[in-house]
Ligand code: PMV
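Quick heads-up: it's one chain on its own, the form predicted alone, in structure tokens.
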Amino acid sequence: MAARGAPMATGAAPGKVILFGEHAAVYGRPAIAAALGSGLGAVVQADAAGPVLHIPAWGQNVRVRPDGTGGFESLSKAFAAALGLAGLDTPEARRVGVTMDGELPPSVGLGSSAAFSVALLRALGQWRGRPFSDAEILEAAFALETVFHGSPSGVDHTVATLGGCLRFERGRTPAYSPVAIAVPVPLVVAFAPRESAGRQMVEGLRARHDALPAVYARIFDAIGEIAEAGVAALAAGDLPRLGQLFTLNHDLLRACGVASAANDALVALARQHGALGAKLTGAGGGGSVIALVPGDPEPLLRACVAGGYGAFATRVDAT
């Protein structure tokens, strides 16, 4: 039952971008991840035909049931798990319809599964009348992320839950620490279809690293230094410096072999249309590029659409 007899319950969560350090973070170097000003929102209402989950932004036919009917296996399993975690485990309690919407596309490296998990849990918790605490969301969302990714790093759902900007370093305690952002960071996010799954990109880079460990160690060290310089640029509000570091980070990711032709084309397109810098974000092999655009984003957005790419303008907010 919804809290106080409310006719609906809602929850929201932001997407995320890796500003610096993807892939090198697997090898112990720091990564900087930030919540986007764009994400997903969930609305829960009573539905006698429920439980059912509809995500119109991801396609007209994305209607999911926890028993797996209708396809979308991972979404179905995650929906079933979320209902259980929220205590909606009786036939009467499960008569709900959930609509998930927003401008965050799936499968392009923007933390869509984490935003989905956090928004869904927040809405279901409000519906049952016992909202989850942030600590409970962190634990429950991690469980849902394992449905999607097997062994997630934890970065995505932590940023989706806590917001802001975080420095992550594997093997360090605590693994996460806040990063100060002096001024909003205006971004255009452009994306292309994935040519390779994220897991394939990680495994391919691992094979190249194992063949030439000393060479890749130097590349990863340089990416780590860029991440630390990025923290300083964010704290100082130095957008030109931040843009320069974006492009340097992208060039090193190209050297690692994780940037696709589409990633490189989007970075070049961004630079041609006023971006101070641009880089792939996430695993690479297609997916998303972030471009730092302090002026009017419309010329770049139009150029992306004309080139057959998806794109939207957003920002990372000051903290």
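Residues carry their position along the shown sequence, with the first being 1. Nothing here was measured: the structure is a model prediction, and the numbers come from that model. The term rigid core refers to the maximal set of C-alpha atoms that superpose within 1.5 Å between the two forms.
Keep in mind the form predicted in complex with the named molecule is missing from the figure; the text below concerns it.
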property	result
Candidate stretches 55 to 63, 281 to 289, 32 to 40, 260 to 268, one within 4.5 Å of the named molecule in the model of the complex by heavy atom	281 to 289
In the model of the complex, the residue from 189, 137, 226, 155 that sits within 4.5 Å of the named molecule by heavy atoms	155
Residue contact check: residue 241 to the named molecule in the model of the complex, 4.5 Å heavy atom	no
Touches the named molecule in the model of the complex: residue 128 (any heavy atom, 4.5 Å)	no
Exercise: residue 26 in contact with the named molecule in the model of the complex, heavy atom 4.5 Å	yes
Contact flag, residue 194 vs the named molecule in the model of the complex, heavy atom cut 4.5 Å	yes
Residues in 201 to 217 close to the named molecule in the model of the complex, defined by a heavy atom within 4.5 Å, in order	202
Residue 187 C-alpha relocation of at least 2 Å between this form and the one not shown, rigid core basis	no
C-alpha of residue 142 off by 2 Å or more between this form and the one not shown on rigid core	yes
